[in-house]
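Next up: just one chain, as structure tokens, the form predicted on its own.
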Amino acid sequence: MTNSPATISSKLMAALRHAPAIAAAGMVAYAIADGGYIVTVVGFGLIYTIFVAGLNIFMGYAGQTSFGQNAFAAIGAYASAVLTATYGWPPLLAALAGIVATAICAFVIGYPTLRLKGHYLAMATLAIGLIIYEVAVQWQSVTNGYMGISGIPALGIGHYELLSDRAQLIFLAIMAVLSLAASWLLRHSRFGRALVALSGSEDAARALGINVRQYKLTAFIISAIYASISGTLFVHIVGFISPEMIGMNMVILAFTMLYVGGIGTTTGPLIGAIVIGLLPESIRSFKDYQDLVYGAALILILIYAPGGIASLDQVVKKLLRTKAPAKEVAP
């Protein structure tokens, strides 16, 4: 019994749909097995995976815009850094305190801010990020300004600490998988379907009985919690935090990862974070032309895969449909 061309085509599309995520997961597994410098690169990619997954909930699922996610990463990072390095709190308890503080701040900020729409919301969230950055710079008695906070302990519980690079990478991989799994469950829940509905049309969502303001605020708080977790993981892996680490560069990088990976997709944050993390390392041989090659690669990805690398199957399907010969119409 042979498979029909339609069956083969559907299997090919299914393989292409999962290929980018499998390749990204394979790169993580290779880093764990091989060790070396790639462990650091992939580790940062996994931290950004969590950050971008939260951004994807607010932007990809709910269809809103936020340029201030770095503010919530900063709150989580500085809360954990100050509580552990200055007051001797255990990392897990400090991380939980940072998450609670971030959720409260997200509620206080989001309640009035989410009344805005479009570019007004984008400008308001951008201002939030800039304000938190200035607070980190000016509140020197707590944050130590540009000098930053050092001596932040490694992740661990009690006397057990994750000191080796491989142990930290395995833990980050577990956290990334859990964050993506939670994102997938949220997307396929009643709450996630409501977010998708309001991203299409807020007026239509209201007509269906969806409390648009409440759902937007909840999505905003969830995305802030994701950012807080990523900020906490970052400071405990690096052992240091300063304002430059949570500036606008973080926002630009996250947006690049989200759109390159695939906004609105579950695995897009992982794919985008790994690709953008490894791309600069892959083009170091171009030396003086690194920035040119990097920019050209991003432009080509966004032109030929506007839905991100996660939508590779859709790109191939469109190409096959374009090249397929037109059927002759019988007279």
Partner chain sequence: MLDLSFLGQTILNGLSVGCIYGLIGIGFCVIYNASGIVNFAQGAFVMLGGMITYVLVSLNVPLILAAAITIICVALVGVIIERIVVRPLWDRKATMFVMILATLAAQIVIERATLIVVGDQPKSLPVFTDLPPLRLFGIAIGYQTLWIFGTSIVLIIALGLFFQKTLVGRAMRACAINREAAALQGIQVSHMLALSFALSAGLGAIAGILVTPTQFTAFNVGTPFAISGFIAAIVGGFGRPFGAFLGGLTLGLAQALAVYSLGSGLKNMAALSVLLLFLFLRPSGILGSAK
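Positions refer to the first chain, counted from 1. Only the largest set of C-alpha atoms that superpose within 1.5 Å between the two forms is called the rigid core. Note that this is a predicted model, so its numbers are computed, not measured.
Keep in mind the form predicted in complex with the partner chain is missing from the figure; the text below concerns it.
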The listed residue (A167, M175, V135, A97) that reaches within 4.5 Å of the partner chain in the model of the complex by any heavy atom is V135
Which pick from V142, L93, I131, I104 sits with a heavy atom within 4.5 Å of the partner chain in the model of the complex?
I131
At the 4.5 Å heavy atom threshold, is Y259 in contact with the partner chain in the model of the complex?
yes
My question is simply whether T113 lines the interface with the partner chain in the model of the complex - judged by any non-hydrogen atom within 4.5 Å.
yes
Any non-hydrogen atom of L83 within 4.5 angstroms of the partner chain in the model of the complex
no
Contact of I221 with the partner chain in the model of the complex (heavy atom, 4.5 Å)
no
Near the partner chain in the model of the complex, with a heavy atom at 4.5 Å or closer, the residues from 248-273 are M248, I252, F255, Y259
Shift of G26 between the shown form and the other one at or above 2 Å (CA, core fit)
no
CA of I301, rigid core aligned, shift of 2 Å or more between the shown form and the other one:
yes
Given that the distance between the C-alpha atoms of Y30 and L302 changes by 3 Å or more in the model of the complex, do they end up closer or farther than here?
farther
